[in-house]
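Below you will find one chain, with nothing else, as structure tokens; this is the form predicted on its own, and questions on how it binds or moves follow later.
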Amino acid sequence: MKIVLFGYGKMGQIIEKFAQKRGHEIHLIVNSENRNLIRVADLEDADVAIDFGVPQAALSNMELCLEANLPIVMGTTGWYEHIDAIKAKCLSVEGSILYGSNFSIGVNIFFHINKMLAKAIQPYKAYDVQVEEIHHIHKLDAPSGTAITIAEGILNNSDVKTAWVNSLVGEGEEEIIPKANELLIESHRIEEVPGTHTVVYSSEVDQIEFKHTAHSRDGFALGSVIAAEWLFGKQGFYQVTEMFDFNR
């Protein structure tokens, strides 16, 4: 495939490496220096786009790809309040968008087991639950999209927690004390941590921790290329979880 890369930071460069290893070609690299110059005609010969850029450019990048009839894998988070609008536009023009908070195979297995764990613990009210996430200091959004997906998996299987709240831990940050019905997502920003997510269930007598630790960004990058391969030739608005069928 001929791939357009939106964003060419550390993630973009790793995606390029894995795309080439899998026999694909990087047709065009779009970054902050040339984004304003890119037009529909520049995308006409491409097969698919992958976006791991900045949140503020995500909507315009998707709209450009829809106009160019170019499928796009959207790995950037921080724009999800606009999901309904972009989905409606995608479906109205018979476009192709696949989005997700995390494209790692291991994380998607984590998402699946997280829901099962929440459902299993739900009858036992002695346990309270919170989510903790750690990322590098360059990450622009908090909480992470992955942490939000984890939280939503818990909320959808709980009759106690009805919403999540975020506490960004650090000097000068206000501490958030959650209400009984609120699921706390505690966000930490530490130098060069690719991503660690932990679900903690605590009671007076014990504690259960369910944890995923990324050793590098490679899993996210490889997963995004596999997602582009999956999306190629399809029409519709998809979540990355639709690539995985854990019930077969």
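Since we're looking at a predicted model, the values are computed, not measured. Counting begins at 1, following the sequence as shown.
One more form of this protein, predicted together with a small molecule, exists but is not displayed; see below.
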**Message:** Can you work out whether residue 132 and the small molecule are in contact in the model of the complex, taking contact to mean some heavy atom pair no more than 4.5 Å apart?
**Reply:** no
**Message:** Taking any heavy atom pair closer than or equal to 4.5 Å as contact, tell me whether residue 96 reaches the small molecule in the model of the complex.
**Reply:** no
**Asked** Is residue 89 a contact residue for the small molecule in the model of the complex, using a 4.5 Å heavy atom cut-off?
**Response** no
**Message:** residue 136 versus the small molecule, in the model of the complex: is there a non-hydrogen atom within 4.5 Å?
**Reply:** yes
**Prompt:** Out of 176-184, 41-49, 189-197, 64-72, where are the residues with a heavy atom within 4.5 Å of the small molecule in the model of the complex?
**Reply:** 189-197
